[in-house]
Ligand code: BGC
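The data below hold one chain only, encoded as structure tokens and taken in the form predicted alone.
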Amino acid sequence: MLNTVWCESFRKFPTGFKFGSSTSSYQVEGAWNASDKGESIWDRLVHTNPKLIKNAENGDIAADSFHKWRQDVDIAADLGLNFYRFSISWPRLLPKGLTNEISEHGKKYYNNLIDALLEKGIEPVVTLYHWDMPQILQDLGGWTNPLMSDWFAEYARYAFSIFGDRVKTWITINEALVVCDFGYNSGVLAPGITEPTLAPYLCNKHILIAHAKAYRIYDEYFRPKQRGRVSLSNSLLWIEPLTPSDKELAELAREHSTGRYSHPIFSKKGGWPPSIEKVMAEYSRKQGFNVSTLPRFTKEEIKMMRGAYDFYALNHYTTRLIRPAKPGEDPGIWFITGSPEINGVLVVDPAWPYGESRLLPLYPEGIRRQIAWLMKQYGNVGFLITENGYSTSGSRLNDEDRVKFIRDYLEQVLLSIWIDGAKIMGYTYWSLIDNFEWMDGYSTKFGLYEVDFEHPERVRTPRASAQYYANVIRTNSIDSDTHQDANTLRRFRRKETENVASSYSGSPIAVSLCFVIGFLFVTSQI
């Protein structure tokens, strides 16, 4: 009886835990040249180099959320979302990138979206930069130009001033690791520039300074009245050693991946991780440089960045193992195949399953281990999971594999909360609806709702995962039975979705694990 009580307790989320879902502007809005919107770097890339995208597809129309935002709000309400995370298109709001030219059309669009969400009781969580930089600023160097941090800070100031009376949670930058490291190492993401020697690290520095400047502006000028919170969303690839002898390399890789984008802001001392400063100095000398290609911070910059957060926002999708590169072996590009800087090669456990994306093998335990590592490094600072999602392909509403994914990852979130003591405030599923998935175009589907991209109306249809997630939110538990709520079933009328989610309730492994957890918790109190 006692174990059963604890089991039920551990399968539920704490009071106040919030569930959300997310999208980003370029991936769903479409209307790429509507009214006076400016050109973004993704507009330029897909139009000038369409071969980089599967099937030469683009986001010109996407899910047409610019015109169908009411449908997206209704979907969010049907799911029962506590919050909806979306991003502002910088060039839609500021066509030239700066505040000397403001789009009233763009301003109206985001005001309408925010107000409609609030009318439905859904909190808007707003990202300022989800990769669609104004092309005019990229022509001046983009994130490799130190002035970019000032331009971003002024954009943030304007957004805070017109939306901050209703928006209480802000994400400044989404996945700087992808923007800087993968972007400049591969050249396949906008702006389509390959320069792996200096650009990733210049971008790394300037994007963190941009966040910190925006945070300090909010803290000084807007927080007293608006009482919101601000952070940046880091993409966290959990990294484990391939063999016990690779433990030091794995820790170095974590600092190279997560630390470079977290240590300057979340650590007590600030600045770059010391281990990375050392390895980059050594690597730069081997390349023939007299100074490190990892740019230095001034004392003023270190002070400004340190503590520039209200919580830690993380996007987590997958895990890698790491081993040393063999003599003569090219590690490839970070963070896909490896890192020449730390002489490490990333590999995948062959037992790990996949969704549609071959970049994202599934290892649910990774999210819990990643959060535990963050707590060890920076303290229990409060965490918001801002992205976690599963990819499928084709038209398939009966997505039981996505239901299992959500359940498995949320189970690890529960363990992180109840066993590790992590202060996790919420979970965001990526994505609310199918969207333009960058290099994969429309071949990869992450949505709780399917979007028919062949239909002129971009019809949205709920998948089984939408029904399951709605019940998780309703019951505050991963063990919800979708058949017990007639209201939910009426919202999700599709017959194909009605009999899926319940098959994932009470798996033998989960129940056994729950009993073990309950026993350990009880005995720890004696």
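Sequential numbering from 1, following the sequence displayed. Just so you know, these numbers come straight off a predicted model, no measurement behind them.
The following text describes the form predicted in complex with beta-D-glucopyranose (BGC), which does not appear among the structures shown.
Note on contacts: among Ser465, Gln27, Ser40, Asn471, the single residue with a heavy atom within 4.5 Å of beta-D-glucopyranose (BGC) in the model of the complex is Gln27. For the options Asp72, Asp246, Glu387, Asp408, the residue carrying a heavy atom within 4.5 angstroms of beta-D-glucopyranose (BGC) in the model of the complex is Glu387. The shortest heavy atom separation between Trp131 and beta-D-glucopyranose (BGC) in the model of the complex is within 4.5 Å. Contact annotation: Glu437 falls within 4.5 Å of beta-D-glucopyranose (BGC) in the model of the complex, judged by heavy atom distances. Among residues of the shown chain, Asn204 is not one whose heavy atoms approach beta-D-glucopyranose (BGC) to within 4.5 Å in the model of the complex. In the model of the complex, Asn174 approaches beta-D-glucopyranose (BGC) with a heavy atom inside 4.5 Å. Residues within 4.5 angstroms of beta-D-glucopyranose (BGC) in the model of the complex, judged by any non-hydrogen atom, belong to 123-131 and to none of the other stretches in 123-131, 318-326, 272-280, 86-94. Residue Trp430 is the only member of 413-433 with a non-hydrogen atom no more than 4.5 angstroms from beta-D-glucopyranose (BGC) in the model of the complex.
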